[in-house]
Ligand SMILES: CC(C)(COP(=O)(O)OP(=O)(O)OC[C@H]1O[C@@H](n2cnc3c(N)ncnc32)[C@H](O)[C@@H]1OP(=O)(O)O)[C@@H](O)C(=O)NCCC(=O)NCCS
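Okay, so here's just one chain, in structure tokens, the form predicted alone.
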């Protein structure tokens, strides 16, 4: 029986044996190593692996609440030990990574920050101070998640898509990306931008509002530069409501503005 089939059976149980716990630990190790992902890109499209989310939920169901150092949590999701990870830097000062999260090579994490179970952080990314990468969120290579930014997580409902941030994306300070939004590669999200699955985002270059794909995900296009903006309310022109705006697509000037200093590595 495949691991996927075993996890789906595990999800439907209410009582758990030692064998069930060994199965879960095998699953959790696959999350830690990146062999198992909550979402993956297949033939150019992002696919949510609902069975993985069910496996994570099964871990919460079977876990016992215990003392974990200075924390009290389910024994199935202790803080992850990353001392054996290659060239990973987690600077002292109150950061945590939960078991079941993948951290790639040359990732830098500044305190305090938090990475939850099911998250995937690919090589060379920086997670800055007060940043959050939520449950099952997928972050690509060489992403800069600036201070106090939030990448929303989702476990339930099972079919809900996680937030996905593709390679070489820059997300400015105090941003919030939620509800299964997909930030395509090389995009720049300016400081203070909030994007949810239902947020109207206007592409001023192509003169239209973005629409969701067939999987109900809102895509911020490759190389888009997004800034905070407003638009007039249809019901009352005396008031404006929030509306992020794509003001241009990435160019050499944009590249210089968001280049990570090699010295920081």
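Every value quoted in this text rests on a predicted model; they were computed, and no experiment measured them. Numbering follows the first chain given and starts at 1.
There is another form of this protein, the form predicted in complex with the ligand, and it is not shown here; the text below is about that form.
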| property | result |
| --- | --- |
| The ligand contact at residue 188 in the model of the complex, heavy atom, 4.5 Å | yes |
| The ligand contact at residue 160 in the model of the complex, heavy atom, 4.5 Å | no |
| Contact label in the model of the complex: residue 9 to the ligand, heavy atom within 4.5 Å | no |
| Non-hydrogen atom contact residue 21 with the ligand in the model of the complex at 4.5 angstroms | no |
| Residue (of 31, 220, 225, 58) lying close to the ligand in the model of the complex, criterion heavy atoms within 4.5 Å | 225 |
| Contact residue in the model of the complex, from 78, 124, 173, 152 (heavy atom within 4.5 Å of the ligand) | 173 |
| Segment that reaches the ligand in the model of the complex - one of 70 to 78, 143 to 151, 112 to 120, 95 to 103, heavy atoms within 4.5 Å | 143 to 151 |
| Within 4.5 Å of the ligand in the model of the complex, all of 248, 251 and 257 (non-hydrogen atom) | yes |
